[in-house]
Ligand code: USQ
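Next up is one chain by itself, shown in structure tokens, the form predicted on its own.
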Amino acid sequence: MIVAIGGIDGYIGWALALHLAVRGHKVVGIDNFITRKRVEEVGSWSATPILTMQERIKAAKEVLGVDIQFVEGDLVNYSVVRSFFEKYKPDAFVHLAEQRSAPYSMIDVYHAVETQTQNIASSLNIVYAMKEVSPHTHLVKMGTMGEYGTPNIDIPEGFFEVEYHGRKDYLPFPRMASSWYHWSKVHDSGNMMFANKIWGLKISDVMQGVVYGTRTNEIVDERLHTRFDFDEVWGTALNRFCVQTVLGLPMTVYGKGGQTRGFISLTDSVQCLRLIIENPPDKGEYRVFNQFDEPYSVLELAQKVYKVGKEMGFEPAIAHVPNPRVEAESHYYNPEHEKLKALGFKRTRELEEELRNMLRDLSRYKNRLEAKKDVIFPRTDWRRARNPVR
């Protein structure tokens, strides 16, 4: 299959490219490297040093024997998107090229508007280009489990049957997002449903949980590293906890730490995406997958890192700090996730096993972490946007 990856330079994008290429798929990526610039904007960098795209592609050829094609371009520019689809007409397009940070979207009005306009525009450009020049393409659009929020009922995979005033229907499950970023993904999902309805495009909407890990089975050489962010804007709670443990800093648990989300390892995330790509929907079908392995609360994650860190000789500590986010700190959380299992998904990485790998890998780059340790602690407050200066 010809698989195109939007956002191939990113954390999941590069790992997915390697995973698909070694399995014989023809991979072509497109990226404008804006994540590198945005991470630099907040004063941070990847914990694992990452090469230029040209150097990465060369290393993939030398180490894994695979050929990956690349186009530098911005998916917010429709002419770029249309030209890309005209040239490659991919069997599948995996859309990972969106601003992916909730805190980044909450910094000020500029970051909020930039997040929503660019995320929504790129997705609309893709479906229009598919309609015009590549209607056979299967779009794998990355959503987020954060679209659902934390309702006090079980969360289905996209749709559920509801009865109201004696009448029944099968409807999209209500979205209750918690940041401008998450709302941009909600709008994306609505737009993808509409594009499917009016044009019959094949679309898989992936509600992805939090992804963790420093490597996959294909990342067997330092030159093949994918990025790993750890600052308060781009790094997840689990990433921050691992880095703080390596640096001998207390893990900063926001509030009581009862906030619960679904998690999945990077290895298993790319496995899920491959299964979705290799098992496309029928013509005219729109489907939703909840992609995660197990749910954990923030405090449970800190306790897991504490346990593994102790066993490995670190001196971990847990500290509770005021929560800069507006979110329920204790809530019910029980999402369904059966569709990927039906495609053959099986967990290959346990959390504690992956934590050991993460702590070992991060220890190798302790000097890089030490140089940027000030950016780990929370500065972005949901209630008080920073003064907008541009």
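All residue numbers are counted from 1 along the displayed sequence. Just so you know, these numbers come straight off a predicted model, no measurement behind them.
Unshown form predicted in complex with the named molecule; subsequent notes refer to it.
- Using a 4.5 angstroms threshold between heavy atoms, Gly158 stays clear of the named molecule in the predicted complex.
- For the chain shown alone, Gly209 is a contact residue for the named molecule in the predicted complex, at least one non-hydrogen atom being within 4.5 angstroms.
- Not displayed here, the named molecule is kept clear of Asn191 by more than 4.5 Å at the level of heavy atoms in the predicted complex.
- Contact between Arg356 and the named molecule in the predicted complex is not found at the 4.5 Å heavy atom cutoff.
- Contact with the named molecule, judged by heavy atoms within 4.5 Å in the predicted complex, is confined among 191 to 199, 71 to 79, 277 to 285, 100 to 108 to 100 to 108.
- With the partner removed from view, the residue among Ser363, Asn32, Asn323, Thr48 that has a non-hydrogen atom within 4.5 Å of the named molecule in the predicted complex turns out to be Asn323.
- Thr236 is the sole member of Thr236, Gln303, Ser83, Gln118 with a non-hydrogen atom within 4.5 Å of the named molecule in the predicted complex.
- Residues of 242 to 258 placing a heavy atom within 4.5 Å of the named molecule in the predicted complex, in sequence order: Thr252, Val253, Tyr254.
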